[in-house]
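Form predicted on its own, single chain, as structure tokens, below.
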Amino acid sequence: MVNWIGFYTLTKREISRFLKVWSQTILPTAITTLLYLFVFGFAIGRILPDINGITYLEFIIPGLLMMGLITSTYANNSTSIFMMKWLNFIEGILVSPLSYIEMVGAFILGGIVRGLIIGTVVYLISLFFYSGSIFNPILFISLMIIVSLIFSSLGLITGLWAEDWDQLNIWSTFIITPLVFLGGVFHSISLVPESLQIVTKMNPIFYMVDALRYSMLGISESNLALGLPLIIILAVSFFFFTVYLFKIGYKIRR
């Protein structure tokens, strides 16, 4: 049976943690998005040609939403679990009457809530720049939840692996950020050389950005029949791998 009280308590703790410091966890993404829209979309975008029948400003909005979603959910859980290890607070979670799936699920649900808040904030900001129409609302919401699950899980994995602050930032700086910027956030795949198109198509974040762009604007540059199953497989794989790491006590049991 599910320990609903324990699951709710840990989830509430994770949500309260980032809401109490909203000026550090929510506000920076809102300001960054606004600056990107002004500089890249409004200023530079006015002199760029339309992409698949839509303006450059509209084209980058789904990418900016996905970028905020990815970075915030990853940072949320990687920091949370690392601080628990750093302060020796993780032991209290491990001895609680929660299953490993419930533990991981609570952490990830907290990350998903932050991701949905970030997504909502970015979307509301984008309303100042485009009509706000969403081509497929169900797909739009589903993608935000699934992608939040992926990077919440990846954040937990990184937080478990990291032994100091430098290691905690390695993945974000050298892997996730480059993949995000090369994943079609600011450019159409048709505008890059063919060799770079091949590299882009090997980037899973490209399919996440493109799927979200389709859900919002109704245009796609990839094969959604390939991209959507890939996103779901990544979500399931990362989740159960995270549960496995908790189960074996990877770097959290001495």
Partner chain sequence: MNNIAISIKNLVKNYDGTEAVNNISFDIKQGEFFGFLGPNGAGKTSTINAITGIANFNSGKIEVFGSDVVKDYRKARSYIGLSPQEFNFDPFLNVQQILVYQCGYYGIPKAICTKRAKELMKLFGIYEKRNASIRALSGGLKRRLTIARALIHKPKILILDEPTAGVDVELRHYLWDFLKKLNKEGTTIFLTTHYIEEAEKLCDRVCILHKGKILEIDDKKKLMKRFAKSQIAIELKDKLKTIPKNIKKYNYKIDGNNLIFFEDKTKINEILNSIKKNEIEIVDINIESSSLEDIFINMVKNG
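Not measured: the values here are computed from a predicted model. Positions refer to the first chain, counted from 1.
Missing here is the form predicted in complex with its partner chain; even so, the following discussion is about that form.
*Asks:* Using 4.5 Å between non-hydrogen atoms, is L10 touching its partner chain in the model of the complex?
*Replies:* L10 belongs to the contact set for its partner chain.
*Asks:* S99: heavy atom within 4.5 Å of its partner chain in the model of the complex?
*Replies:* Yes, S99 lies within 4.5 Å of its partner chain in the model of the complex.
*Asks:* Is there a heavy atom of S131 no more than 4.5 Å from a heavy atom of its partner chain in the model of the complex?
*Replies:* No, S131 stays farther than 4.5 Å from its partner chain in the model of the complex.
*Asks:* I'd like to know whether L94 contacts its partner chain in the model of the complex, with contact meaning heavy atoms within 4.5 angstroms.
*Replies:* So L94 counts as contacting its partner chain.
*Asks:* Report yes if all three of L64, L124 and V236 come within 4.5 Å of its partner chain in the model of the complex by some heavy atom, otherwise no.
*Replies:* No, none of L64, L124 and V236 comes within 4.5 Å of its partner chain in the model of the complex.
*Asks:* Can you pick out, from F89, W165, F174, F181, the residue that has a heavy atom within 4.5 Å of its partner chain in the model of the complex?
*Replies:* Here the answer is residue option F89.
*Asks:* When its partner chain is placed as it is in the model of the complex, which of 135 to 143, 79 to 87, 156 to 164, 109 to 117 ends up with heavy atoms within 4.5 Å of it?
*Replies:* Result for this chain: 79 to 87.
*Asks:* Using a 4.5 Å heavy atom cutoff, which residues in 1 to 18 contact its partner chain in the model of the complex? It's fine if the answer is none.
*Replies:* Heavy-atom contacts within 4.5 Å come from M1, V2, N3, I5, G6, T9, L10, K12, R13, S16, R17.
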